[in-house]
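A single chain, nothing else alongside it, follows as structure tokens in the form predicted alone.
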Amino acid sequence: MTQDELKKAVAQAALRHVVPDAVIGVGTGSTVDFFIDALAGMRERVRAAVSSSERSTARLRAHGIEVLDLNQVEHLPVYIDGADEIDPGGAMIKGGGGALTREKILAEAAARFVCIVDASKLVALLGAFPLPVEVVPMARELVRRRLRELGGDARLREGFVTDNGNQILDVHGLRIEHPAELEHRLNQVPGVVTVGLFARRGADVALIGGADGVTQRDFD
């Protein structure tokens, strides 16, 4: 199967986790695009969605699915999103698409986080994929220096501005053995808006598309 076929299969499998007649959280990325397209086939069962990006919002609305502001929603039973890497404990690197801050907000708000990935995203140790860090522009070089002290090569994502009006540093060269500790440490650096480590609030479930079909992995 091609990678797109794997993504379509896992996106289709994620429909089983959609809570009927509820507001659901929807993430961002190529796998999520396939999920949104699949969701359109059952949009009458979805009350509305909360989206992590302008890109996903536009795609949802194009399919006739109402998109709400999170502040309008008291209960979000499930959030469905992809990942750039996911480790055996359910910790993830996210933010390749630049929506990490809103993704982290929705992950925190949701009762259940379902991560949808193809098998290439499974890793024993996080860090081969550059770690995105969203920064307030005036703090970019300060944050870059702090990341260098940790052994990371932080590179500005040129020509990119987040939906929140900030910049992203992509950090190369890290081997992340203790993701929750690093997430906490980086969040304390002034000027960091969000770090693309999702460890303190990782996935509850991973749906993994592979050559033998879609498998489910549950995390404690």
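Keep in mind it's a predicted model, so treat the numbers as computed, not measured. In this text, residue numbers run from 1 along the sequence as written.
Another form, the form predicted together with a small molecule, is not on view; read the next lines as being about it.
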property: Listed residue that, although the small molecule is not shown, lies within 4.5 Å of it in the predicted complex (heavy atoms), from Leu106, Val143, Leu126, Ala99; result: Ala99
property: Contact flag, Asp84 vs the small molecule in the predicted complex, heavy atom cut 4.5 Å; result: yes
property: Any non-hydrogen atom of Thr28 within 4.5 angstroms of the small molecule in the predicted complex; result: yes
property: The small molecule contact in the predicted complex: Lys7, any heavy atom under 4.5 Å; result: yes
property: Per-stretch contact check against the small molecule in the predicted complex, the hit in 28 to 36, 62 to 70, 175 to 183, 148 to 156 (non-hydrogen atom, 4.5 angstroms); result: 28 to 36
